[in-house]
Structures are given as C-alpha cells and as structure tokens.
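Next comes just one chain, in structure tokens: the form predicted alone.
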Amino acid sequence: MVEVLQQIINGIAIGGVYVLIALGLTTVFGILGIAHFAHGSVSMFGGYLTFFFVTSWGFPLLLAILIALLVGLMLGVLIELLAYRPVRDANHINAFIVALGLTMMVEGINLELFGHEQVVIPTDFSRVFNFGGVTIPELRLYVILAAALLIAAMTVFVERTKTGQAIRAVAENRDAAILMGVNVKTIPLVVFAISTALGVCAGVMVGSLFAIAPGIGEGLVVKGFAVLILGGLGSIPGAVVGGLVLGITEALAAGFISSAYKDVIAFVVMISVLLFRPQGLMGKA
C-alpha cells in the first residue's frame, strides 16, 4: 500500500504538468478551434529560458521564472498576431499547416539559442519529507502546490472575471458575443498569452523535475492532447481529471510493470475510456 501511495504522489506531480499543458491547449482550441501543436515546444522554450537566466546570469529561480513568464506572455501575443490571425478565417487545414510549421520553427529556435544538450534547471529544494513511509521530495511537493494554485487561478479567472466570461462567450457563440459588445479581436490575444504562460510554467516544472532536451516538447504536447480527449474537449474540469488520471496511470505502470511501457499503458487507458464514453470523462455528449 505504501508503494501504491508513493506512485500516486509521483503521478500527481507529473499529472499537474499535464494539466497545465492541457489547460493551455483546451483554451486555444475552445476559442479558435486550433490544434496548437507548437505549445509543447513553446513550453520548452520557457524552461530553457529559465535555465539560462539562472545559470548564465545568476538570477534567483523565482525571478528567472517571472521574467520567463513575461517573455511567454509576449511570445503568445506574437504567435496569435503573426501566425494564426492571418489564417483565422481560412480553411482549417491552413491553421493546421501553420501549427506544424510553427512547431518546427520554435524547435529550431530552441536548438539555435540553447544547443542540443540536455539541461536541468537547478534548484535549492533538496529536502525530503516522510509521511507514514511515503517520501515526498521538497521540489515535487512544490510542483504539486504550484500546479494546484495555477489551476485554481485559471478556474477563478475563467469563471469569475469579465475577461473570463468574454472568453467563454466567444467560445460558445462568436456572433452573439460580438452583438453583446465583446471585442473579439482582443480575446484571442489574451487566450494565447495565458496559454503560453501556462506552458512556460509547465516547461519550468519539467526542467526542474526531469530535464529539458530537444524533442521533449513534441511528446509533451501529445500528452496534452491525450488529456484533452480523455477529459473532454473544452472542459477545464475535464483537463484536470484527465491530466491526473494520465499522470497516475503512468506512475503506477512505471512502478509496478516497467517504465518502458508506461506510455503504452496510459494510452490504452485513454482508448478504453473513449470506447465507453467517446466525449471523455467530463465532456458533454
């Protein structure tokens, strides 16, 4: 039982990262109907940037994360303005091709600026807490708490603020939102800024817990879309549930079967859910 609890804790930590990736993806997809494949590479850019600020310029970790977040916000705005806005009203295949091209472009920028070496963001969180035989490294605990705070903040923003209500209005009925006075040109900018900021946070978590390396972004965005499908497209609670289910499933598979099969088992669980509930765990029929 202790080993099961240990793997569940591990799964919650990586599940929190998946949730942040999925929240960024589901916000963009819900508003614009765009599969933002570059989201994983953008997340890795945020992680690389944080690593650079900490190791090369000697910034404290929190300051480095804050600056990376600000850069991420601006990058999200630029991506919407320069990449997706010109093809917004074109055929969906145009946005699909732009998303794939943007992925390769961001990956190339990461390689050019930061190299091809695997890097780990250094932290001072080295303590290990023990709760009844279940050990929780300090860093993993902070990752879980940070993910929970970001999820809560995102939920409050979408549900309680005027901007969040405008985002939901545009997602539900763009024409009606225009009639109600919503500035539909500004909303996509806000969505991409928030999405990219969440991605940067996820990239920092991956870089601190594991490592950042070329190609990780693509795998991360695939997991993000798996979470969307598992939890239900366009559903924030679904993204949370789906991310935790996927993370815990992977951790249990790695702990009790083999880490080589954790991805396979996780996707088997996702497919099994879709066979019996095609709209996902929290999606509408």
Partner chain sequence: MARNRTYILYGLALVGFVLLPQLISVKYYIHLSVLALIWVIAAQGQNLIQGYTGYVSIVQAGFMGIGAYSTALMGMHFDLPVWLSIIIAPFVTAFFALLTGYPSLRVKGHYFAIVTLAFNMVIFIVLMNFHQLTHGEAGITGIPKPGGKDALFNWRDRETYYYFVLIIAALMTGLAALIVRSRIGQILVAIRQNEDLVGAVGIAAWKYKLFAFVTSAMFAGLAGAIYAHYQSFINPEIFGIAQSLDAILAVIIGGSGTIAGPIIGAFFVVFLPEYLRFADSFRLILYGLVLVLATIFMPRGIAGIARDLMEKRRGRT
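Just so you know, these numbers come straight off a predicted model, no measurement behind them. Positions refer to the first chain, counted from 1. Think of the rigid core as the biggest set of C-alphas that the two forms share within 1.5 Å after superposition.
Omitted here: the form predicted together with the partner chain. The next part is about that form.
When the partner chain is considered in the predicted bound form, only one residue from Ile65, Ala38, Leu246, Leu228 comes within 4.5 Å through any heavy atom, namely Leu228. Though the partner chain is absent from this view, in the predicted bound form it lies within 4.5 Å of a heavy atom of just one residue from Leu233, Val241, Leu61, Ile31, which is Leu233. Figure note: of the listed segments 99-107, 196-204, 141-149, 69-77, the one touching the partner chain in the predicted bound form, with heavy atoms no more than 4.5 Å away, is 99-107. Looking at Leu189, you'd find every heavy atom of it more than 4.5 angstroms from the partner chain in the predicted bound form.
For Asp89, no non-hydrogen atom is located within 4.5 Å of the partner chain in the predicted bound form, even though that partner is not displayed. Among heavy atoms of Met154, none comes within 4.5 Å of the partner chain in the predicted bound form. Shown alone here, Val269 lies farther than 4.5 Å from the partner chain in the predicted bound form, counting heavy atoms only. In the predicted bound form, the residues of 63-84 lying within 4.5 Å of the partner chain by at least one heavy atom are, in order, Leu82, Ala83. Superposed on the core, the two forms barely differ at Ile12: its CA moves less than 2 Å between this form and the one not shown. After superposition on the rigid core, the Cα atom of Thr55 is displaced by less than 2 Å between this form and the one not shown.
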